[in-house]
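Only one chain is given next, in structure tokens, and it is the form predicted on its own.
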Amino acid sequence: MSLNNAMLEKYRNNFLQEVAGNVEQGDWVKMCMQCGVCAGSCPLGDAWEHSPQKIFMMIRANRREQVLSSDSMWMCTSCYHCVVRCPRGLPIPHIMHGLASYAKRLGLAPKSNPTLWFAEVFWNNMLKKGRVNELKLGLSLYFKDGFASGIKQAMAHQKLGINMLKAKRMAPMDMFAGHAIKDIFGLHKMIRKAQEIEAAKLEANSK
């Protein structure tokens, strides 16, 4: 039985329990009073398929697949408007990011999600040197839809590129090298250890 199927079998009748055990601060979901203030506070509220209020309601209704395959968790920008106005002070951005991370670990995150794509590109970029290489990151964004689209995007934002060059936030040589942090090996070791701990926790919770 696969890890995902094992977890599904364990939590089949209680998705709220699964979220509480595997998502950062997920146990707070049960405190939601369904007032809808979070939905009305979010600057991106109109762009969400499901507001935090609806996500929490679906969790308590055992809508596991619908929640974990939603792209709504990936829309959160951590502006904390919802937290400030929530009558019960729920850590809504933490829960939403935790749900997104959990869905990704289980392989249930929506494949075509642009926010997920950017998060992975950003992470891989940063991981190589311990710093974000703005030139490579920008090129990844501009050319993700092909060469012609990339040239068009670059021309449209050439003023921004020139300003970044002047401010020394980007240099042509960054394409081939880039400045690494002092202890890049230590960073990689720390991240591997964190991933091992996370994998062990996930496996333990599936039993």
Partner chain sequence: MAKFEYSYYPGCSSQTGASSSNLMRSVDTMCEELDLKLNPIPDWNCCSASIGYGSGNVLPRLSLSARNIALSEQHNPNQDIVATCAACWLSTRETAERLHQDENMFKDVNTALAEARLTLTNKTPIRHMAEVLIEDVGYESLARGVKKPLQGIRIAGYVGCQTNRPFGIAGESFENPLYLDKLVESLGGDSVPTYEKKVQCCGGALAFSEPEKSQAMIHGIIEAAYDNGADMIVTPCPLCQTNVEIYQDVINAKFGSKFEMPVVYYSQLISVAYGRNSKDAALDGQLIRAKKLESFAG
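Predicted model only: the values in this text are computed from it and were never measured. Here, rigid core means the biggest group of C-alpha atoms that superpose within 1.5 Å across both forms. Positions refer to the first chain, counted from 1.
There is another form of the same protein, the form predicted together with its partner chain; it is not shown, and what comes next is about it.
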Exercise. With the cut-off set at 4.5 Å between non-hydrogen atoms, does Leu187 touch its partner chain in the predicted bound form?
Worked result: yes
Problem set entry | Touches its partner chain in the predicted bound form: Lys152 (any heavy atom, 4.5 Å) | no
Exercise. Do Gln195 and its partner chain share at least one heavy atom pair within 4.5 Å in the predicted bound form?
Worked result: yes
Exercise. Just to confirm, Leu160 within 4.5 Å of its partner chain in the predicted bound form by heavy atoms?
Worked result: yes
For this session: Would you confirm whether the three residues Phe15, Lys128 and Glu203 all fall within 4.5 Å of its partner chain in the predicted bound form, going by non-hydrogen atoms?
Result: no
For this session: Sequence order please: the residues of 85-104 with a heavy atom within 4.5 Å of its partner chain in the predicted bound form.
Result: Arg85, His94, His97, Ala100, Ser101, Lys104
Problem set entry | After fitting the core, Gln153 CA displacement of 2 Å or more between the shown form and the other one | yes
